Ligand SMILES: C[S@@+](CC[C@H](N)C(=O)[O-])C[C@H]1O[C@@H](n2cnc3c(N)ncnc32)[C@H](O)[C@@H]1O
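One chain comes next, on its own, written out as structure tokens in the form predicted on its own.
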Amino acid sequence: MIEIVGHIKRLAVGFGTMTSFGPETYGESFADVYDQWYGQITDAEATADFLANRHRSGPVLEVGVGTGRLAQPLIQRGMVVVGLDASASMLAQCPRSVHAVRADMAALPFAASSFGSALCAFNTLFNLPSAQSQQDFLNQIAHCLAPGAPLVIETITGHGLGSSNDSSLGVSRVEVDRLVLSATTVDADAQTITGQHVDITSCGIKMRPWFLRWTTPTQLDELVDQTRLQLVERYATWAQDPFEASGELAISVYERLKD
């Protein structure tokens, strides 16, 4: 065990130089455990209520639909959901009631004014590795939304991350037949977090890499200012608690400008 921990520490120090992440990396790495490990992240029912109260006519686009956990309560509210994800393994778990589309979110394959709303939950936007790729997505999603339709984005704010450059290693999960170690490296200048979950079971060791390039709410608004979108609401929670810059989470609602 000591040898394993020593190896993981060496991995953590070297994370900042990894360049092999693609649009499907996260989904392919976590699809088999995502709902088990992260099923409580983002309140699905509250998210559905929030979006349903702002939705215009037409289908909903969920970007980064994953296994369809957030899409299902939207469908239960009578909404047609188009779910986009780059990971085939994630989409394989989506219910058939979701109209699944496999594509990179930085290259949306949809016509103008196709959707009455769009959802980009739990840092999905930050899977795009640069400000430019995030800008490209925002340009394209504005094109895909009907005039007046909302884009709802859930993100961390980056508060507390902007002044640190460090690597950390910890124990994420301990089960009878599983030990999961979590290593991360924060690059404050690049606004990136590079991580690795090392999943150790009797079957062997599986590496589950992930990468985020965070954008602060102010920076996100600046990107949006270059599109046909405008900020209309921002909250700290799906229950619409007031947003504070010192908080950890932002629920931002942007609206497609009318022609």
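Note that residue numbering follows the sequence shown and begins at 1. Because the structure is predicted, anything quoted here is derived from the model rather than measured.
The discussion below concerns the form predicted together with the ligand, not included here.
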**Prompt:** Which residue among L84, L145, L138, A183 has a heavy atom within 4.5 angstroms of the ligand in the predicted complex?
**Reply:** L84
**Proximity to the ligand in the predicted complex, single hit among R228, R234, R69, R213 (heavy atom within 4.5 Å)** = R69
**Message:** Only one of these stretches, 110-118, 87-95, 183-191, 72-80, has heavy atoms within 4.5 Å of the ligand in the predicted complex; which one is it?
**Reply:** 87-95
**Prompt:** So in the predicted complex, does any heavy atom of V65 sit within 4.5 Å of the ligand?
**Reply:** yes
**Asked** Is A103 close to the ligand in the predicted complex, meaning a heavy atom pair under 4.5 Å apart or at it?
**Response** yes
**Partner proximity in the predicted complex: N127 to the ligand, non-hydrogen atom cutoff 4.5 Å** = yes
**Message:** I'd like to know whether F50 contacts the ligand in the predicted complex, with contact meaning heavy atoms within 4.5 angstroms.
**Reply:** no
**Item:** Within 24-38, the residues that have a heavy atom no more than 4.5 Å from the ligand in the predicted complex
**Value:** Y26, G27, Y34
